[in-house]
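What follows is a single chain, given as structure tokens, in the form predicted alone.
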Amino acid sequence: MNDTSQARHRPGWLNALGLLAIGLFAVGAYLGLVVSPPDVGQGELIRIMYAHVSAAWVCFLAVIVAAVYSMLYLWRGRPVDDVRAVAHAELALLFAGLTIVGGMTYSKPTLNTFWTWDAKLTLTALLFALLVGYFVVRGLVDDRERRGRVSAVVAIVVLASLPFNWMAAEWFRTLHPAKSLDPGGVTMEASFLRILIFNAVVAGLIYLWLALERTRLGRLEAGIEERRERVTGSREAIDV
């Protein structure tokens, strides 16, 4: 059975993973919306934090994984690494968008503005723009191998922007609050921290499920594109 034939059938364990992710998402929403106490300073708005921070962490993870597969593609030249890089880059873009929307929703009632060109927010907007650029580049190149190489370089550039984004809240003390959870210590109350960690793990599980499913579909698309190129090449040879 070839690679495309294997990808055509969704394995049962992938369906089970999806059901598990959806079930745990419901539990996480209950914990965040019902069980979590209101924060002394932020009141009920603390509930938005569980989704906003979880989306941001998963976005960072997806950027890292996309860059790793991009490096593997540049090294080994295997098409499946490009397919996986695209799947994770798409999810990085999705979670970057959710991070921005969540941040704006959180920002208006707490900081009295939806958006400001604060360093952290600006770097997040830049991250989103770079991810959009990744797909613009892919759309401009027809040759599969060249498209994979060029977009892999863009994915590595996106990765290079990540440390600045991660540290921006510490380096530039502006409107965005400093991190309350990092290797240097935890300033968040345990009751909030437990629910945040649970929701972050669930977001990671949803990300994993979507990445595996998107990779399966990507392998199908790559197989179809390869067959189309072979048919086109055969017709051109006959015409000559």
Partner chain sequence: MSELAPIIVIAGKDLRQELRSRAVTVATLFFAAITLLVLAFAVSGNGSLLADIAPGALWTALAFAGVISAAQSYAAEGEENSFEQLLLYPVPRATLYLGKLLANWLYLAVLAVLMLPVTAVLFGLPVAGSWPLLLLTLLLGTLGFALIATFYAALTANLRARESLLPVLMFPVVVPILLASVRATSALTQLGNRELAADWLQLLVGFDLVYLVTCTAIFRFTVEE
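Since the structure is predicted, the reported quantities are computational estimates derived from the model, not experimental observations. Numbering follows the first chain given and starts at 1.
Just so you know, the form predicted together with its partner chain exists too; it's not on screen, but the next bit is about it.
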Query raised in the report: So, in the predicted complex, is Leu91 in contact with its partner chain at a 4.5 angstroms heavy atom limit?
Result: no
Query raised in the report: Is there a heavy atom of Trp166 no more than 4.5 Å from a heavy atom of its partner chain in the predicted complex?
Result: no
**Report entry** Partner contact for Gly97 in the predicted complex: its partner chain, 4.5 angstroms, heavy atom
**Finding:** no
Query raised in the report: Counting only non-hydrogen atoms and a 4.5 angstroms cut-off, does Lys108 reach its partner chain in the predicted complex?
Result: no
Report summary line: As a check of understanding, the residue in Met104, Val150, Val80, Leu72 with any heavy atom within 4.5 Å of its partner chain in the predicted complex should be identified as Val150
Query raised in the report: Hey, which residues along 137-164 are within 4.5 angstroms of its partner chain in the predicted complex, non-hydrogen atoms only?
Result: Val137, Gly139, Leu140, Val141, Asp142, Arg146, Arg149, Val150, Val153, Val154, Ile156, Val157, Ala160, Ser161, Phe164
